[in-house]
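Shown below, as structure tokens, is a lone chain in the form predicted alone; questions about how it binds or moves come after it.
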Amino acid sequence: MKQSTLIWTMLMVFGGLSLIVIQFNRGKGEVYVREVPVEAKASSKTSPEQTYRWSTYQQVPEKEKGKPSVSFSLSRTLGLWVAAFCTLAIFSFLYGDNPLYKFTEAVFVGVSAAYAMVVAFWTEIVTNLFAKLFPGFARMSFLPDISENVQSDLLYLIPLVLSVLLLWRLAPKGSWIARWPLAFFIGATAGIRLISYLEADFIGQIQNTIMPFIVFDSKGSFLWIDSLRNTIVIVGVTSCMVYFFFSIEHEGVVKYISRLGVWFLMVTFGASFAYTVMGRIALLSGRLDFLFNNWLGI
């Protein structure tokens, strides 16, 4: 580790510890919740009506601590501090690559991968595969809502076999077997995506471009705003298509039309870039609001 990196890392750690001590002395960074009782009744043909009671906890502002049914939440407070630590650790990349940032990045990637794996297991493998092949065992173990009339669908043995063949890639020998399910998966995905893109993007864009230059309402009045909008859309699409049409020389009238298409493309790219920047600024604003409002209580 470089000496400058070590010094800055120690300064950031010391600053974080100082901030923690200050927060504890100020009594900030604590989360309070209100207990909300919930009651529900359920009945079936074979059993009488039963009443179930439990409690949920709703987060309340700090100024309400001391009111009845409001209590300190240790778990949510720990979550608040962990979130603040991870946010500051990610912000430390503004100085440069450092161990604190690498640690938080690894935690984020690991947690995201684990969460995606668990969600995929319960929503895809258990619900769509296991429950279809063994509905009786799934009803007794994981999914009690499955009807007793549901029968096994042996057609789902095909994706089960393909999944097992795909895992064959992890074996030291015979990894070529995984190419067959992989080829099937890529081919099926490409075919499905092709149809959806043709319908949503290609045909949909052509349909949205077919519009009148001059627009009138039901009473015959001229709508100049709608007419101007349609004219801009039609002229923009036509000029952009002329710019990408290289079978003829861009000279004379074609040259000016293609340059107009370049202007439309630049405006479109600028708007897309500005939209992306605004989205990132909104994320930054949310993190700063979390740090100053929820954590520091300023």
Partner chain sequence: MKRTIPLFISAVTGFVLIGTAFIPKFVDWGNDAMAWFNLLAAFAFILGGGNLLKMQLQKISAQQPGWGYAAVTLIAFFITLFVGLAKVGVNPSVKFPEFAWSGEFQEEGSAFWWLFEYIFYPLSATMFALLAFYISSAAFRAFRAKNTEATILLSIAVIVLLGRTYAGVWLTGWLPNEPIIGTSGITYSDFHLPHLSQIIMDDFTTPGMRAITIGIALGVASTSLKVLLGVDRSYLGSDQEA
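Given the structure is predicted, the values throughout are model-derived calculations rather than measurements. Each form is matched to the other, and the largest set of C-alpha atoms that superpose within 1.5 Å is called the rigid core. Positions refer to the first chain, counted from 1.
Same protein, other form: the form predicted together with its partner chain, not shown, and the subject of what follows.
The closest non-hydrogen atom of residue 221 lies beyond 4.5 Å of its partner chain in the predicted complex. Taking the partner from the other structure, its partner chain in the predicted complex has a heavy atom within 4.5 Å of a heavy atom of residue 182. Its partner chain is not drawn, but in the predicted complex it has no heavy atom within 4.5 Å of residue 17.
Proximity of residue 202 to its partner chain in the predicted complex: non-hydrogen atoms within 4.5 Å are present. Shown without its partner, the chain has 259, 262, 263, 264, 265, 266, 267, 268, 269, 270, 271, 273, 274, 275, 276, 277, 278, 280, 281, 283, 284, 287 in segment 256-290 as residues with a non-hydrogen atom within 4.5 angstroms of its partner chain in the predicted complex. Positional change of residue 266 between this form and the one not shown stays under 2 Å at the C-alpha, relative to the superposed core.
With the core held fixed between this form and the one not shown, residue 60 has its Cα displaced by at least 2 Å.
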